[in-house]
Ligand code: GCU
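Let's start with one chain on its own, the form predicted on its own, as structure tokens.
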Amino acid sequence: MKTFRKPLAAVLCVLLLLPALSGCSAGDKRIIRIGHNQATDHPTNIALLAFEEFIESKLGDKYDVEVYPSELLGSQTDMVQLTQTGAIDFCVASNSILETFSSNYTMFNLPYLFSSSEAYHAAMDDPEVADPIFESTKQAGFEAVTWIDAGTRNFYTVDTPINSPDDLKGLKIRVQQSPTNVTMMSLLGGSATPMGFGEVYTALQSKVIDGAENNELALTSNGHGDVCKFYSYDMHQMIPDILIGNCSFLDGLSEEERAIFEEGFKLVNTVEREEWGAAVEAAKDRAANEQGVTFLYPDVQPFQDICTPMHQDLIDTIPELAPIYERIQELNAEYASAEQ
């Protein structure tokens, strides 16, 4: 299994200098490039390496899969654009990034959309919910091929514990580069600071920002817990990461090849979800005992009350999303729990 660590500038030069990169080959093999922004020990990378092994075991005489972790091919926005043009074949992008390419993705960015992680998983597995959103970027040149669990997003800060929305006032908080996240942060009283994930550690360390929001693995896998000492379970979002593929590449596969790739996409989802729970527990243990992070459990209701009006605003703005929202509410009722 191959994981590459090349200087970003060198990789991007290769991408720019080879106009027909999507058709390049190693010998007689077609190279398939997959980029993402997580470290090599992250469940996403582990799942993509399983995908690489699976595809090469089935179609290794024709395809050579290369996985590029840690933003080696640029930020998530860069990688989506490279996938869109066919310069690379696949990348993993947060749903929040995809909102800027299709407004349908705004649905999954809504704060407090899901009543529990079980409802979240059930919704993402439901074609009635996912398909209209996943297929909404085909005209832009790419489509979602599977989703990846990214847990629950929570606030973490350098030196200000967040126990209520009032504690966010005046703080500069990094959010993902999506209009929904900027609106959410504004409603909660903080100052939204959108930036690429790779820039966050330095921004925290230099106190350009006061905190960020993400799942627990950001503390350890990306080192943010070395700087941020408070992690607050306000549980404002459950946003999937999305594996997207270039439409021209996918449409060029034979029927037999596409079936094998579809198996591979399911494998990515399965392996990542199997790895996720253990990875979160390990991250919490390391963050608490080695990095000195304090975990806080505030009352979620005040955060939720502030953000919930965003739901109706979205339906009023994009009425065609109403049936998807209603289906999610059915699943919320079916899988309700005490998580929120």
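The structure displayed is predicted, hence computed values, not measured ones. Position 1 is the first residue in the sequence shown; the rest follow in order.
Heads up, the form predicted in complex with ligand GCU isn't pictured, but that's what we're talking about next.
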**Request:** With ligand GCU left out here, work out from 173-181, 262-270, 132-140, 102-110 which stretch has heavy atoms within 4.5 Å of it in the predicted bound form.
**Result:** 173-181
**Request:** State yes or no: in the predicted bound form, is some non-hydrogen atom of residue 167 no more than 4.5 angstroms from a non-hydrogen atom of ligand GCU?
**Result:** no
**Request:** Please check if residue 70 has a heavy atom lying within 4.5 Å of any heavy atom of ligand GCU in the predicted bound form.
**Result:** no
**Message:** Test of understanding: in the predicted bound form, would residue 237 fall inside 4.5 Å of ligand GCU by heavy atoms?
**Reply:** no
**Item:** residue 241: touches ligand GCU in the predicted bound form, heavy atom cutoff 4.5 angstroms
**Value:** yes
**Request:** Could you check which residue among 115, 215, 246, 193 gets a heavy atom within 4.5 Å of ligand GCU in the predicted bound form?
**Result:** 215
**Request:** Note which of 83, 146, 94, 232 lies within 4.5 Å of ligand GCU in the predicted bound form, where distance is taken over heavy atoms; exactly one does.
**Result:** 94
**Request:** Taking only heavy atoms into account, state which residues of 130-156 are within 4.5 Å of ligand GCU in the predicted bound form, ordered by sequence.
**Result:** 150, 153
